[in-house]
Structure formats: C-alpha cells, structure tokens
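Next comes just one chain, in structure tokens: the form predicted on its own.
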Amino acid sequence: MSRPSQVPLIAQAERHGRRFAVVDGQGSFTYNDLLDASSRVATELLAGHDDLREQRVAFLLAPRFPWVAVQWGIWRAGGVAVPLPVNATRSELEYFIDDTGASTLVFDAQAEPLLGPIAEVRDIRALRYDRILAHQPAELPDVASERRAMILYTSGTTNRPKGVVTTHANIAAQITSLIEAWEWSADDRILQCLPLHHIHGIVNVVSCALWSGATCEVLPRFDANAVWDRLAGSSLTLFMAVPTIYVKLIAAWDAAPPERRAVLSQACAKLRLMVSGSAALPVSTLERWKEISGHTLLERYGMTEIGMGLSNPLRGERVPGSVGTPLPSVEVQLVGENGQPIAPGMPGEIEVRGPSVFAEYWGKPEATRDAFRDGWFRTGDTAVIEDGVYRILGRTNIDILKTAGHKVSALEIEEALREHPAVAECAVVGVPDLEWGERVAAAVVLNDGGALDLPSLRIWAKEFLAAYKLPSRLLVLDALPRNATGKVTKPAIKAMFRDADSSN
C-alpha cells in the first residue's frame, strides 16, 4: 500500500475519495479510481526502482480519464510529465521527446502507431496504458514539492519551442491562486474541451477542479454542438474557453432554431462563471456572448511561464477589453525599455514574480537568465493601467508597432476593424518601411458576401482611429493562420505580406 502522497495536488485528491473526479465517454470515475489507476501507472514506471528522480516521461493519450491517471502516475513515481500534443506531426513529437531526453513514452492504442516506432528507433521504453493497469500498486516514493513536475512547450514564434519547467510547488501556487480568486468548491462541475498540452486546460480546468474535489467532464475534442448539448444537459457550474471557441459557439447558437436558442440561453444562466483567456477577447464577442448567455465573460491574463497573473473579478465590475488586477500571491509591475518604472498611465512591459512563476527553460540556461531581470520574469507583453485595471496592448515585439514615431497597439486597431460590417476576423501587424519605420498592415477574413478594399477601409476607419493608426496595407484571406491553441500566428501573416510584396 502506498503512503499518502507528498505531491500537493494528489494529497488534496486523497481527501475526496468517492466523489466523482472525471466523467468521459467511457464512464464516471471517482477520486479513488484515479488514485488507484495512477498508483498502478507509477508502479509500472518505477519497474522496481525506488524513485524516477525526475526522469522525463512523455505521454500521448486521448483527453479522457487515462490522460489524468498517467500524468498523476508520472508525478507519483517522481518523474517529470511531458504532455504531447494530440495533433502533432511526427517531427514535432520527435523534437519534444529528444529535447527533454525522455526515458519513457506512454500512449494509448490510437497513438501507438505513431509513438511506437519513435521509441524503437531511440531505444526508449514504450508503455501502452491499457497494459499497465494489471500491475498491483507498490510503495511509492516521497516527492518533495520543490522537485520538477512538468515541461510544457511554448508555441514559439521564430525559434523552436522552449520547454517551460514547473515544479510541484509552482503548480500548487497556480492552482490555489485561482481557487481563491474564482471561489472553486467541491460542488463545482466544469466542462473540459481544451487541448491538454497547454496550461489553460491542464491547470485552470483539470487541476483546479481536482484540487477542489469538483467534477471534470471531458470531451474528446471541441465540437460546438456537443458543447451546447453539455451546457444544456448537465449541471455544469463553470466553463472556460478561448475566444475562438466562443465565436464558434455563437455561430452554432445563431444557426439553431428559436426554441433551441431559448433552451441554450437558459442553460447558460445556470452557470456561476464563464471565463475567456489565452488570447485577446474582442469586445464585440464579449458583448454578443452576453446577449446570448447573460454572462459577462471573465477575462484573465496568463502564460505558460507564470500560470495566471491578472484577472477580472469574480464579484464586481468586469471591464471589457481589460484583464483586471493581479491574482492572489502574484506581483506585477510595468517597466520601460530599460527596466525602469514607468509613469502612471503610460504603457510598459509586464513583469511578474511570485511562487507561480516557472523554474527554468529546459536545457537553456542562457534563455532562462535572459527571461528574468532582478528576480522579475519579463513577459514580453505590453500593458497600460487605466482606472486601476490592466489593459493588454499586445506582444512587445509583435503587437506594438512603431510607425511615424508613434507606438501603436495592433490589438487596438484590430478591435476597431472588427466593427466594420464586412469584417469577420482580422489581424494587424507591422511591416518594415523605410519612411515610416513600420506600416500598419491588416489581414482580414470577410463575412459571407462581404467586399472590402483598402481605400474604403481607410475612409471608414477614420471615424475610429487616428491617421497614423490607419492600415496602409490590406490582405483579404480565407482564414487567418493559427497555432494549436487557436492563437493567430502573426509571423506567418508578416510573411504573407512579404510574399505579396515580392510578387508585385
């Protein structure tokens, strides 16, 4: 029989016993089920040794109960969990596995044809989940909270993704900060439809639920109608998603017959909290969702390296276009280009410190050093404090344009352009220009039947934007390029403008 766990998240779960932890397409599983399955996984991973001692274990499973059991099993054996993306290519998987130096791969039957050959070529131990559970649990090691727990890979822009290392203490701090701010309890029930190789799904949804003794319903993938069915047909209390998901849910609601719309809107009203994050939420989307659901979406700000840093309040006014104030245990400051404090009301780079901030970039000591300044993590995001709340202006090197001597927020311009009746989606970037430094360039996706050219867009936008903020370049696209988390990949859009220039 294994001793009580020293891993904070699992120690919490040991208090919840017969409560339901995870519900998926295969059934309903209690906390006791999860503890038993994860101890069997840990026993198999240990293979007679007393402790994995931070060996990296990469795993690829469908987002169901076994995914959680494997993650917890890795932790309980003293390993470092490396969740792999479900839709990754073989070359991407090989990069993550090689970069972490994973000693073991764990997968389900669906992923075996992809990961099995990778393990064989590298002579890495390969384990299939359904063949692990037959083993009886053995005694498991003590795992100190200061030890490394997980490596998640950032999306990357121009360079290969970096592995962000968090300790068990970091993860516990991220969880407890959100539980306090958003008042999680064992009575909560949340729907999980986000990718489980990013912090949003892993920490904000699954881990917060399981720390609290709540129930996490898991969908195998996002499907707008399936999400609406669950919102209408179960006792959910929370829902968290990215802006793209809310846009798709709005479209599905619009396409439903009137009587179905009424049922769905009434179902939303029963939830106590709906959250949006991982990308900027257009005000137009926030307002439309409020019309449909009655909820003002709670916007927050976070990233893989820090967990969540800022949040609008659970109780109190939520300011559209803002991300609120620092969460419990999180310190935030804005600084200028040289790291000096900025004057009130001026934009500056967000720096964060506190127990939730990551430990290191895996195998990249120089990148780790460069990411910190006097103990503060440099996020690379620019914000301004207005009326006491933070408003994100964008990535310092991507969303902050320098044109004709002015610093301009791409997000501000995007917010204005989305109001154009022909524009369904848009993304603004800066393209190099000898005279202006950078030109404001807009890539747009049009509504069905819409038409748009640059002169008419500029004339229309003069009502909302200063002259130096007006787009001087326009591309009309069928779809904006996005990464696995749904974020628009602005380097790809910049490349499209370069290609357009070279072809002219």
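The structure displayed is predicted, hence computed values, not measured ones. We number the residues from 1 along the sequence you see.
Omitted from view is the form predicted together with adenosine monophosphate (AMP), to which the following refers.
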*Is S278 close enough to adenosine monophosphate (AMP) in the predicted complex to count, meaning some heavy atom within 4.5 Å?*
yes
*Within a 4.5 Å heavy atom cut-off, is G302 in contact with adenosine monophosphate (AMP) in the predicted complex?*
yes
*At the 4.5 Å heavy atom threshold, is R395 in contact with adenosine monophosphate (AMP) in the predicted complex?*
yes
*Check whether V323 has any heavy atom within 4.5 Å of a heavy atom of adenosine monophosphate (AMP) in the predicted complex, and answer yes or no.*
yes
*Among H420, R148, H198, R318, which has at least one heavy atom within 4.5 Å of adenosine monophosphate (AMP) in the predicted complex?*
H198
*With adenosine monophosphate (AMP) left out of view, choose which of E217, D188, D99, D381 has a non-hydrogen atom within 4.5 angstroms of it in the predicted complex.*
D381
*adenosine monophosphate (AMP) isn't shown here, but in the predicted complex, which of 205 to 213, 99 to 107, 293 to 301, 171 to 179 has heavy atoms within 4.5 Å of it?*
293 to 301
